[in-house]
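Just the one chain here, laid out as structure tokens, in the form predicted alone.
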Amino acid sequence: MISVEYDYANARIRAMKSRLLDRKELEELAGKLDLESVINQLEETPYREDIESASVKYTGIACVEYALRQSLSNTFRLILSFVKGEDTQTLMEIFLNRWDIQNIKTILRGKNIHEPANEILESLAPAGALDDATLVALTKQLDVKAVIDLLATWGIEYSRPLTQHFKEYSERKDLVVLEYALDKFYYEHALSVAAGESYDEGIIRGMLTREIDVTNIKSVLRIIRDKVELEDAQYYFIRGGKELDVNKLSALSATRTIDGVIKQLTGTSYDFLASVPDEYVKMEKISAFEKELDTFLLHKALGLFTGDPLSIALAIGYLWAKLNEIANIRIIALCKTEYVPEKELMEELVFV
């Protein structure tokens, strides 16, 4: 993509970034008494049109969820519309497709525990190639197999690893088998597409390899918590991480304790996990560590705002910022529905 086109795209993205909610605005939302007040406040923000459109069909939390999904989907498609150049669009799509993987995982998890379709849908983010209509159809399938069969019928590439590993999933009754197959398929394909030497490919590759590290560390923590046999541990690791190869990951798993993992991560980019309070270490509450890892990735992504202005950096940084905003609003809305105390709600938000 030539620099003039980058100038136009990044000018648009900077304008969009200026409309993101700041910390004060999010804290005001969190301070509202109930969900209705949150919705009324959102109508005074850039989410006004999305809320108004959603309110025609929905009320309450369903209204907020629909509005957020629409905003996210529209935002991503808008960026793709003015980020020109075949190579650049391919890289953007590779980045966005990570949410296809996350959405399919969410649907499979929901079907695995027989969760209602509407509840599964509320947890989805139509940010990749799978649009809202496609996701709705998938959530309406009877079970895990029906979801995979529909993906295959439509010729969607993610059906391949799922079909290949379905027999193993059926035998082991462990959804991790399918989730690992999806992750491995996605990252191997994404890294192959971003394997060149251009600056843009380096940006995408840098985020992908960090994500692989984070995904693998989460797998190590689950292996320890769930007391997975060590000979099975390597099965859940994805190759291609930035700092942690399979041997290092196996060594982390072999410690058999979260405290041991933290100590072995000393000197790596992930030694910040040592700041997680001891009580979570003792309780093996891995959600606290997962939040720190997700926040780390977010900071890495937002650092792209200071990257080369004539590159894909600003677009990628903005997309992460938008996703974090959506996640925070969703948390606020859900907490208001459950009457969660404001102090506890604030602890769940991620401010950057």
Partner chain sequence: MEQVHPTRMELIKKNGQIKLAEQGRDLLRQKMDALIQEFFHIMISVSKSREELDIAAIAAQRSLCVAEAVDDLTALKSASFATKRALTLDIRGKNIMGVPVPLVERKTVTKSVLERGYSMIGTSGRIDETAERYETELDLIIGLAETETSLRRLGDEIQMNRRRVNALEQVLIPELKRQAKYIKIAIGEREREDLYRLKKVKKIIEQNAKKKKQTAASVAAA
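Positions refer to the first chain, counted from 1. Here the rigid core means the biggest group of C-alpha atoms that line up within 1.5 Å when the two forms are laid on top of each other. None of these values were measured; they are calculated from a predicted model.
As for the form predicted together with its partner chain, it is not shown, yet the points below apply to it.
J.: Pick from 89-97, 106-114, 150-158, 191-199: which stretch has non-hydrogen atoms within 4.5 Å of its partner chain in the predicted bound form?
T.: Among the listed stretches, the partner-contacting one is 106-114.
J.: Identify which of Gln264, Gln102, Gln141, Thr134 has a heavy atom within 4.5 Å of its partner chain in the predicted bound form; exactly one of them does.
T.: In short, Gln102.
J.: Which residue, Leu249, Ile120, Ile258, Ile203, is the contact with its partner chain in the predicted bound form, using a 4.5 Å heavy atom cutoff?
T.: Exactly one listed residue reaches within 4.5 Å, namely Ile120.
J.: May I ask you to check whether Val340 falls inside a 4.5 Å heavy atom distance of its partner chain in the predicted bound form?
T.: Contact check for Val340: yes, within 4.5 Å of its partner chain in the predicted bound form.
J.: At 4.5 Å between heavy atoms, is Lys322 in contact with its partner chain in the predicted bound form?
T.: Contact check for Lys322: no, nothing within 4.5 Å of its partner chain in the predicted bound form.
J.: Going by a heavy atom distance of 4.5 Å, is Arg222 a contact of its partner chain in the predicted bound form?
T.: Output for Arg222 is yes: heavy atoms within 4.5 Å of its partner chain.
J.: I'd like to know if Glu290 sits close to its partner chain in the predicted bound form, meaning any non-hydrogen atom pair within 4.5 angstroms.
T.: Contact check for Glu290: yes, within 4.5 Å of its partner chain in the predicted bound form.
J.: Has each of Asp183, Ile238 and Glu348 got a heavy atom lying within 4.5 angstroms of its partner chain in the predicted bound form?
T.: Every residue of the spot touches its partner chain in the predicted bound form.
J.: Hey, which residues along 322-351 are within 4.5 angstroms of its partner chain in the predicted bound form, non-hydrogen atoms only?
T.: Residues within 4.5 Å: Ala327, Arg330, Ile331, Leu334, Cys335, Glu338, Tyr339, Val340, Pro341, Glu344, Glu348.
J.: Relative to the superposed rigid core, does Asp259 relocate between this form and the one not shown - that is, does its Cα move 2 Å or more?
T.: It does not reach a 2 Å shift.
J.: After the core is matched up, is the C-alpha of Asn112 off by 2 Å or more between this form and the one not shown?
T.: For Asn112, whose C-alpha is compared between this form and the one not shown after core superposition, the shift is 2 Å or more.
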